[in-house]
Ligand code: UDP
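As a starting point, one isolated chain is supplied in structure tokens, in the form predicted alone.
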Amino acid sequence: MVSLVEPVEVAPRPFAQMEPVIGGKRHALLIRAADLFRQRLAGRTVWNISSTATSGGVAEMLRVLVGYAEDLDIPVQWRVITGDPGFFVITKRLHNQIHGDAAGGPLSGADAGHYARTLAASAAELLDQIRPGDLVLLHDPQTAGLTAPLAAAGARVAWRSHIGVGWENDATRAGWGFLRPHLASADGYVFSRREYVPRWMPGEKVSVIPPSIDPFAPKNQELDDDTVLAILARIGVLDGVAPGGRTSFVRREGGLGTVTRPAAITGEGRPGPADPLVIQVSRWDRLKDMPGVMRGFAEYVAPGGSGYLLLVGPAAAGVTDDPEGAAVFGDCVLQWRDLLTAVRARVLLVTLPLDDIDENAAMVNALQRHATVICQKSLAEGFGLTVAEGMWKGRPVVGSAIGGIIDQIADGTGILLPDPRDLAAFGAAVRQLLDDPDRASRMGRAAQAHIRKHYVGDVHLLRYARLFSALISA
């Protein structure tokens, strides 16, 4: 029998390394909180259940937080549920609906049955491992149907939505209407923003916990300039750098890794080391609006001066819970082919291999560190942690004034776009930063300081400790 639940092994991450980043006071506070929380657990285990372990901000964040919890001697486990392609088509439509997008059409009774059956089978496997009294955190619509069976078996269950919008339409009402019966028995609900909470959820059960970055992860750790250039040359996005330079980085489990694989690149030209670079890194998701970024660059950035655009995403076949990725990437390729020849030579579509997730993260790190401007022109966004990751590298971000991007880009740390579909405004913002390096540098320094204060993992872990303590008390 094929298992529908897979364990994710995560090595402990030494929390002591955080002290130079967050300071002694914050470090000591987290250590004391972990000691108290361990006592409150009294033999219980904390379980995280998600639908992927290899791609996207949720998986990356879980890997970090679970690793720190392991080091702090908190009993924690992580499991990933699987399903057939039909299940992930359904959950992708739910994802779109909760973002207010009716793409894919309404979900039918047959869809509801398929969703419930898949998760009932996963729940049966999980209940061989999860004990009454254990604490379970379910992540996103893919796992909502596990709530009732796990709660009925005596687990204390909270469901976390990493997505949402602060308004309603027919699509959002349909998505939440589909999920509501599955979530009725949850002991708690977690959202990244208060604005995302549906009106029917009891307020006393809701916690607001923004996500966070890990400064020591391969995606965010310090890389010197020579290493950055060598990695970019190795993956094939940069000309004018001699091959064979050092491409090493520190893996999450410790020890050195090296970037050895090329990216798959659609593009006729390559920037040199000194060419200004505009980059957006995200999944090939329609709501990330990679095609809009390309049009905005082609029409309003490229004609005004120098600069290259890199649209960077994962190899579409490697993202098992996003069946639309290949289609979105294909649309981008078709649009790229229609660009004017001179502009087409300054636009690259880059897909990064996912065979080694640490190597993939180091590639993203190097790309963001070499960027002049980082974009996140999403049409909808649960939080958009790639914004914080870009800001951590000391880069100004041009982002849509939607969702969690609003929370991350404070005044003086980047540029918020009131209307993400206004390509002229997007292009003007990018062009301003390319033409004013001093302003871009000031924004980048302020951006890094802002992320250090608000979006590093110790703050995130403290909020989770409060959530789980409340579940125990309840």
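Since we're looking at a predicted model, the values are computed, not measured. Start at 1 with the first residue shown and count on from there.
From this point on, the text means the form predicted together with the named molecule, which you will not see here.
The named molecule in the predicted complex comes within 4.5 Å of a heavy atom belonging to residue 282. Contact annotation for residue 400: none of its heavy atoms lies within 4.5 Å of the named molecule in the predicted complex. Of the heavy atoms in residue 385, some are within 4.5 Å of the named molecule in the predicted complex.
Looking at residue 360, you'd find a heavy atom of it within 4.5 angstroms of the named molecule in the predicted complex. The listed set 289, 324, 140, 389 contains one residue whose heavy atoms approach the named molecule in the predicted complex to within 4.5 Å, identified as 389. For the candidate set 314, 145, 83, 175, a heavy atom within 4.5 Å of the named molecule in the predicted complex is found for exactly one residue, namely 314.
Per the 4.5 Å heavy atom criterion, the named molecule in the predicted complex is contacted by stretch 376 to 384, the sole one of 243 to 251, 300 to 308, 376 to 384, 336 to 344.
Residues in 165 to 194 all lack a heavy atom within 4.5 Å of the named molecule in the predicted complex.
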